[in-house]
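Both blocks below hold the same protein chain, though in two forms, and each is given as structure tokens: structure 1 and structure 2.
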Structure 1
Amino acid sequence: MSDAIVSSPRVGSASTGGLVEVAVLVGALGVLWFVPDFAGDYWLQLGFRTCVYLVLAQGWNLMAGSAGLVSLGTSSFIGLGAYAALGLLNRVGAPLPLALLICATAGGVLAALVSPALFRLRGLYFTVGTLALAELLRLLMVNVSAFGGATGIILQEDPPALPVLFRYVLVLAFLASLTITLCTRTRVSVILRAVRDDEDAAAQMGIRPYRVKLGAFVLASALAAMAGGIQAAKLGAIEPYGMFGLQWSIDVLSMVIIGGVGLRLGPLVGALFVVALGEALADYPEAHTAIAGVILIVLIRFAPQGIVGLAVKLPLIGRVQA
């Protein structure tokens, strides 16, 4: 199996595509870095939210689209990262970049600890298991006074300025996209998809499904924890019902489905679409929920590969790979 992967004629083209994608990412980072110099707070707020969503969607797309791990436990690691970040900022006075690195470590460690139990479950049972993990952590934070109980934690110092936070989350989104590119533009992508399509067959070909799924799960969880950490630093106050709420998991799932599950541009398109829709219907929350639900149903029924998958089927865009 490994020899076949190395000698596959697609590997060279995938490597070339990966170099192009890395160059595009670096160029986008260079251009967007100067946005705070001329953009107002409103656009920085939108940019910050889009980058946070992009980080979360990139990790979830790797798990579900490439490794077949459909999780509803994203909020588990967002909340963990939020509590870890504010705890480090309040009690240790750690700089935010160091706090985010520790958040990533905490998210990865938690994923590794719970994976033996969760990976015994497959399909819908795995999804329900990840949902139960988020609820367990929420109840833990509510009932343990050391974590602030139901009132949560308040950042003791003023949070960094919005332009500074925007640049932090921009770098985080760049690193997340770069990491996922390295995973999806190399032989790792073939291994992930082999496990997604048939674990038993992949195991017979010499692949170790548990290790493959663990790597995807740990990486996605680390990214979610960092996103939670920087979101907490921006808010300046967190509580368990918000940080461990199911809405985080639903939003991430919606973004990837709308953009295109398993497609490289899916997370970006989905994040932009969800943020734009939320802003357009900000004054109509009930309509926002209903319209978002209708869009999801229509896409799942008529365009299961999302907006990106639908776009590549158009004559003018069909030659562009997602």
Structure 2
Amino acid sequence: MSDAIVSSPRVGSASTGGLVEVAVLVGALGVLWFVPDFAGDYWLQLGFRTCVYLVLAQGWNLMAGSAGLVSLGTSSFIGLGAYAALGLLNRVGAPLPLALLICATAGGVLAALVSPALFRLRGLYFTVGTLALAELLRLLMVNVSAFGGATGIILQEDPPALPVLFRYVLVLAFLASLTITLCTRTRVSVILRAVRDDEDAAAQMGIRPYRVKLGAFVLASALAAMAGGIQAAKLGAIEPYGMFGLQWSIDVLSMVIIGGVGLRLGPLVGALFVVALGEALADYPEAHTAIAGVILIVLIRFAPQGIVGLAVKLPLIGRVQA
């Protein structure tokens, strides 16, 4: 399993266009689909976590790397998805895939609802606004007893088996990557980046910046909500502090930064790195976060374009990528 994932950096290094990328994605899905047949629970756990992170990071990268929307509010949508998924599973008995689709819709709708407020803010102020949104939702969940209050809610039936969950999340990661490929390997990318660079000048070129930003925001939020939904299904029990916590938003941000902002492979490499780091530091619980912090500082400082950017600079890989 780990071999298969590590080998997929070829995904973007072939730059002959979106078609190759799509083919590689399909290939990766085909191969990874069979991982549960021979890999143990430990690896499936790691694979699951990597895929969830990948979905989140892809969406975030689309917003920030392309449309210039740096969000610290990913957890709003993760939490929303988590609550929606467990609610649907518990109350309606909806099958998981359907529940996830509804999560996506809910995430998109929430994004659309808050966008009139958030899009008034540009640049860093947008970032601060998204952070506040997550906090608002968390406080809401803590206080409204219908949602279980501070103790949260528990999945009444047994969660699906790990191999099943793994395949779901794999498909989700595939879809997320595919969507992003479609957005970044086509004309859409030019439009997105124009909005990122200078909204007013873009408008003067006939672009409707509001709609473009809204599109990216809705898409990324739908992805995050699905990731939250499947994460909740796996956990079986959720509470507001965890699901709406700032930690999620920060994790996503660090993954993309560690991988390389705006780079095609950044999210994947970042997700792998964060999962691997978590494993490596599991033995030092008392200083875990401090060590992670130091590593983050060093990486930001010495790998400005993230790990992928660093790799591209190495002559051999660089040539292939260019």
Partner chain sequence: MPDIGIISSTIVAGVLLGGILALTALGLSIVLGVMRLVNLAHGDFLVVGAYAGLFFLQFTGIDPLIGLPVVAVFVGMLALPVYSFLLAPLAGRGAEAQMMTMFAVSIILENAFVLAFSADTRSIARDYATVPLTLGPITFPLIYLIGFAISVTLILAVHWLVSATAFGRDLRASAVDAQAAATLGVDVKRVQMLTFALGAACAGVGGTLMGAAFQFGPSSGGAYLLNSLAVVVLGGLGNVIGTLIGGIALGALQSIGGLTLGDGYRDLVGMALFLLVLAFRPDGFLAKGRT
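These numbers come from a predicted model, not from an experiment. Rigid core (definition): largest C-alpha set, two forms, superposition within 1.5 Å. One-based numbering along structure 1's sequence throughout.
Remark: the form predicted in complex with the partner chain is the source of structure 2; structure 1 originates elsewhere.
If you fit the rigid core between structures 1 and 2, you'll see the Cα of P285 move by 2 angstroms or more.
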